[in-house]
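One chain is shown next in structure tokens, namely the form predicted alone.
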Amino acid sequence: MTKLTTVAMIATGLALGSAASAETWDLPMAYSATNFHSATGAEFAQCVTTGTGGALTLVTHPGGSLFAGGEIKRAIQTGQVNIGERLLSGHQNENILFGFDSIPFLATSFEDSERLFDAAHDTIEAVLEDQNLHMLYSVPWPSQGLYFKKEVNSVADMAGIKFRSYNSATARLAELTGMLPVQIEAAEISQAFATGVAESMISSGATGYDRKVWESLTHFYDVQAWLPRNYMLVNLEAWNGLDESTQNVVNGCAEIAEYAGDWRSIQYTGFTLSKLAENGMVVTPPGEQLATELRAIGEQMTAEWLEKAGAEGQAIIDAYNAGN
């Protein structure tokens, strides 16, 4: 779809929107309004609202203010809200395939992340539709690094540290490194570190910057573990209830949002890491011993994921590797 086509779709929506019955949809998001995912979601909402001439108005609720991050997907499935944004890897306990983007050290660059997403797209879309969900767009986080409040040179140095987990992969990583996993949603990160509930996490520079983690933590190791993805999801029944012109506008706005979100994620990487350093954190690649030990853990976790994911998971990995 070209940008000209997208503009034409939105123009069509403006012309026809007033003829449709007006609807307002609440759009919950887990991350703060200043986070680049939330900013992209807010622009997407405004695009849809403007593009449909108000026939479909999207109202964003960032920072877990309407539903906590872990509640958003279920709320969309059950029609408590019609649309929302969620980190799908947080739900791989429901379906292991949702964790395809959190396999350690499989896809560590934006280019590789995009190829992995392309390899998994149709499978993930089918799984979501079986759950009464429709995928509108998906945007990756920057590559994940390890945050600590002390210098860490080996896996042995991690023993006993309270580690913020947000999905099955991060909980398993904690187990394999001797850390203690603590389930903490994004909106609770600052308080968790300030009160000592958590002492470490694996996340992007974006999360660290947004949450000013330098107030509690001291070191960021850029291990480039994986690039998890956020998804803008819509209730399938609600989606099918929209007329074609409205769907065209939403799809056009989703295409723009995905492009803008990808660009932001890439640009935000360097900016946020520099800000962590400016605020006193040690920002560095892992030492040779730590990197070697983490790669070995990544190989074990990949094997474990493939064992659980079966033929569908193997097909995703095979398709991804075929593009190398």
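What you are looking at is a predicted structure, and each value in this text was computed from that prediction instead of being measured. Residue numbers run from 1 along the displayed sequence.
Note that the form predicted in complex with ligand PCA isn't included here; everything after this is about it.
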Since exactly one of S200, S204, N248, Q92 fits, which has a heavy atom within 4.5 Å of ligand PCA in the model of the complex?
S204
Which listed residue (A174, L87, A192, L242) meets the criterion of a heavy atom within 4.5 Å of ligand PCA in the model of the complex?
L87
Non-hydrogen atom within 4.5 angstroms of ligand PCA in the model of the complex for each of F44, Y231 and S265
no
Just one of 108 to 116, 250 to 258, 161 to 169, 128 to 136 has heavy atoms within 4.5 Å of ligand PCA in the model of the complex; which?
161 to 169
Contact test in the model of the complex: F100 vs ligand PCA, heavy atoms, 4.5 Å:
no
Taking ligand PCA as it sits in the model of the complex, is A186 in contact with it (heavy atom to heavy atom, 4.5 Å or less)?
yes
At a 4.5 angstroms cut-off on non-hydrogen atoms, which residues of 123 to 141 are near ligand PCA in the model of the complex? List them in order.
W141
